[in-house]
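Form predicted on its own, single chain, as structure tokens, below.
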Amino acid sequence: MYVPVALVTIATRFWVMHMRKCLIAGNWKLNGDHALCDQFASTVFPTDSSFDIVICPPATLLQSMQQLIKKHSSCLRLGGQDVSVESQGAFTGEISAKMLHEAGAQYGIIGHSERRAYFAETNEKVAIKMAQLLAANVSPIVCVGESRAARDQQQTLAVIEAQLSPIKAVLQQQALSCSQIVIGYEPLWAVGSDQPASPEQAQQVHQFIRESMADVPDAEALRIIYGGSVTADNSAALLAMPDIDGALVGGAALNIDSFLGLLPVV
């Protein structure tokens, strides 16, 4: 029986989309305390296996949060907000990937726009951090994104490509699987503002990222999530896009009710 190629392509794409688990990650940034950890860990979250929920508190709360998760048998997973490029040594104030792993972190955010802007992190430094996390069995959430000026000058894709280049190089050189990492697209002009990217704007960049990473091992398993003023009001429309596999959430992750409102309806 003849089946049109277009239908085969659509069917394959549908299968791949549903093979990738949605990921909702809450980045508490420089916020939170033990009480907030207890509130989140005690909450009954949906236990549907089609999506993962990750909370990234400040480093001083990681072990506390991990203990609370175990105590309450929560489905939450734990993530760090940053990691050192160094594995050990005389680097006061730094936290290694191994330390994050031992504290219970399964994920680690790197390359966040605030780290790039306020701490002058380069694309190459982000790639080193990714390698450190992978070596410690922690899944990196690698953030990329453009400024308002870059978007206005139609340089969005060029900026994203430059940010992805050293990431791809490490993955290809070390034959590392895309299934072990997450890419987070967070346009700087949308972070912390009331002007998030539209679903169509976000999808355009997510599709570009997916195409750019196509020659990396297990590219079809790569999860690409959107971050930038995600709320309960816009999350459903964003998650409906074919190449958006979840969300990286800031302010809305500090309130349990608003965070619950972000989770996909399954």
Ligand code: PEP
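Sequential numbering from 1, following the sequence displayed. What you see is a predicted model; the values in this text were computed from it and never measured.
The next section is about a form of this same protein that is not shown, the form predicted in complex with the ligand.
K.L.:
Please identify, from 134-142, 84-92, 183-191, 150-158, the stretch that has a heavy atom within 4.5 Å of the ligand in the predicted bound form.
P.N.:
Comparing against the ligand in the predicted bound form, the contact stretch is 183-191.
K.L.:
Find out whether any non-hydrogen atom of R223 is located within 4.5 angstroms of the ligand in the predicted bound form, and reply yes or no.
P.N.:
The answer is no: R223 has no heavy atom within 4.5 Å of the ligand.
K.L.:
Does the ligand get within 4.5 angstroms of any non-hydrogen atom of S229 in the predicted bound form?
P.N.:
Answer yes; at least one heavy atom of S229 falls within 4.5 Å of the ligand in the predicted bound form.
K.L.:
Answer with yes or no whether R210 is in contact with the ligand in the predicted bound form, where contact means some heavy atom within 4.5 Å.
P.N.:
Taking the distances in the predicted bound form, the answer for R210 is no, it never comes within 4.5 Å of the ligand.
K.L.:
Answer for K129 alone: is it within 4.5 Å of the ligand in the predicted bound form, judged on heavy atom distances?
P.N.:
Output for K129 is no: heavy atoms all beyond 4.5 Å of the ligand.
K.L.:
Within 237-260, which residues have a heavy atom closer than or equal to 4.5 Å from the ligand in the predicted bound form?
P.N.:
Those in contact are L248, V249, G250, G251.
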